[in-house]
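Form predicted on its own, single chain, as structure tokens, below.
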């Protein structure tokens, strides 16, 4: 006789957006998850597949405008600023674990008695395991940090120059001039140059590992003409040989199931539709170049949130996240 698998009861708020849809897709196939409700007032009563067409034939669940505390974990897939408002306006039972995908709690902010742990497993896995509330990292922040954490841990960070190109899904589901197909297709543009909001959480994390780091992080975000995926290229002055740098990265990420160091050239299709981050290093003169790539909706958002849930609930860290990339 075998024991039944542990089931974690899940609530999702903001289930009609891109991150909500990815969350549902993952959790429907998660061996330890049971979706209790998907909240969306504007879609209440409609089947999930009325909004997320890929779920047709996968589930008959419907959106609801009601909340319940009869759950173990609540995912907040709301816009920035809305998660804080939601927690202030609703009586969420203290025993319910909250994982917030917005930027509202990434810099140590609290909501009442709820204190949030920054949920980057490759940096804070032990803290995440004992946390009750998680601030899920930003998509750009995840890619940049995973490219730099080993150097910070070794105290080797200096001024960093980094460029990141992201797919249109990073802008959310609401139509904007810069996400309209006729503008985005066959087009490239920068935005928030050297001033992107993720810089604050990136610096905060790097200084946890290298407190003396005060160098600039010169970040140029770029809009790509494709739907999903983030490519980050960072470079800095570094005395390590390429071989020593690769070994430093492999040692740091040993035991972390989703971040892998490649000694061959990487490409974005290797990570799209997965919870992976791939890292590749190059040495050019005295500069170390770090490429780090991820799917912005998975490792950069919903996949990492489920990874955090797994850790918080004592489950296999990879449960529900063994996803196959789409390479052609």
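No experiment lies behind these values; they were computed from the predicted model shown. Residue numbers count along the first chain shown, from 1.
This next part talks about the form predicted together with a further copy of the same chain, which is not shown.
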Exercise for the section: Go through 241, 197, 190, 130 and name the one with a heavy atom inside 4.5 Å of a further copy of the same chain in the predicted complex. Expected result: 190
Exercise for the section: May I ask whether 54, 228 and 287 all come within 4.5 angstroms of a further copy of the same chain in the predicted complex, judged by heavy atoms? Expected result: yes
Problem - Close approach of residue 220 to a further copy of the same chain in the predicted complex, 4.5 Å, heavy atom - result: yes
Exercise for the section: Indicate whether residue 126 is a 4.5 Å heavy atom neighbour of a further copy of the same chain in the predicted complex. Expected result: no
Handout entry: Contact label in the predicted complex: residue 163 to a further copy of the same chain, heavy atom within 4.5 Å
Key = yes
Practice task
Indicate whether a further copy of the same chain has at least one heavy atom within 4.5 Å of a heavy atom of residue 35 in the predicted complex.
Solution key: no
Problem - Interface residues of 296-325 toward a further copy of the same chain, as seen in the predicted complex [heavy atoms, 4.5 Å] - result: 297, 298, 322, 323, 324, 325
